[in-house]
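The chain below stands alone and is given as structure tokens, in the form predicted alone.
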Amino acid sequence: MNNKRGFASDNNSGVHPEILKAILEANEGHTVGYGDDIYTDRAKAKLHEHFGNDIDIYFVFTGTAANVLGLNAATRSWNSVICAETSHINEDECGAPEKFNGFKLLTVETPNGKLTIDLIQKHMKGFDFEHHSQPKIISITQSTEMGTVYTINEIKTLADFAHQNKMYLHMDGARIANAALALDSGFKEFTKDAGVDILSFGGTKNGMMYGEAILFLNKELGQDFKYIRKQGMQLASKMRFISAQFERYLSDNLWHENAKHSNKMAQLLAQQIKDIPQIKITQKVEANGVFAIVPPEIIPELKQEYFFYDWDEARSEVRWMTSFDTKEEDIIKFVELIKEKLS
């Protein structure tokens, strides 16, 4: 089995040693289950430091659960959610948002994974018309599945537009730390302060073992959510093992250092390949992803050494993701292999 660090996904990376240490420390003795423990209290306190006290916080196991249940809190079965065609809720959650919530996803084709008012206007219709699903949420991803990052003003513009139309803004923040580093910003500035109502706050892709948080930045939407989480099978009995990770992740700038490194490695990869004439970078490299068109004949050979995913096979476009544990030598050797295969 090839255990070489590849570029398929930041989900493929290991767990940061400090996170593992926090889990081991939480394993000592007994404590109350279901979140009534000191670890969960301390983890929530860390999130309050970043987002303020006027929010509600719920921990769950997975990013899909965070998105599905967070959206559930603000929708009914006759509603619709507007999202990018490339969004995780549309492409990578096996229809779970629609199955469990009953609403309709209205997708938008984008050149870079980012929604704009102009792009979503085609779905802004049918309000108060009982024959039409009722648009209720605009869902964005930060950073996007294309490795791009919304500016604070872009998010504010979408939030204002949503609220003017009696809708909400949801953010899938699976890679929110990478976005924060790209923006040189704290979390609150481009979420709560920008008008985001519901946030899926991820850590798994940035050094945690598992666990995500649902943040109701608009607290009204979190009313009775404890029942939604339980019915959604995401109430962890031994929640301390999720909470302990978040507490450590948000302490001593661990989240910051991990994301800073993975973003830096993506920039290094982009710099190393940008002058190779047979390769074309297709998206701005703003977070920890590099998208590129590569000669199709070398892709299988590259994958044998460094696994990664095709993004658009029709145009021979691939996705290379870097992680908190990617090494400079991984980048250099991978680029050397590319040049060797192209020679």
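Predicted model only: the values in this text are computed from it and were never measured. All residue numbers refer to positions in the sequence shown, first residue = 1.
Missing here is the form predicted in complex with a further copy of the same chain; even so, the following discussion is about that form.
Ser77 is the sole member of Gln121, Asn153, Asn253, Ser77 with a non-hydrogen atom within 4.5 Å of a further copy of the same chain in the model of the complex. Of the listed positions (Asp160, Glu91, Glu257, Glu189), a single one reaches within 4.5 angstroms of a further copy of the same chain by any non-hydrogen atom in the model of the complex, namely Glu91. Heavy atoms within 4.5 Å of a further copy of the same chain in the model of the complex belong, among the stretches 257-265, 92-100, 138-146, 194-202, to residues of 92-100. For Glu286, no non-hydrogen atom is located within 4.5 Å of a further copy of the same chain in the model of the complex, even though that partner is not displayed. Although the partner is absent here, Asp37 is a contact residue: one of its heavy atoms lies within 4.5 angstroms of a further copy of the same chain in the model of the complex. a further copy of the same chain is not drawn, but in the model of the complex it has no heavy atom within 4.5 Å of Gln164. Contact annotation for Arg315: none of its heavy atoms lies within 4.5 Å of a further copy of the same chain in the model of the complex. Taken together, Thr110, Gln271 and Ile338 are entirely out of contact with a further copy of the same chain in the model of the complex: none brings a heavy atom within 4.5 Å. Contact residues in stretch 52-73 (any heavy atom within 4.5 Å of a further copy of the same chain, taken in the model of the complex) are Phe61, Thr62, Thr64, Ala65, Val68, Leu69, Asn72.
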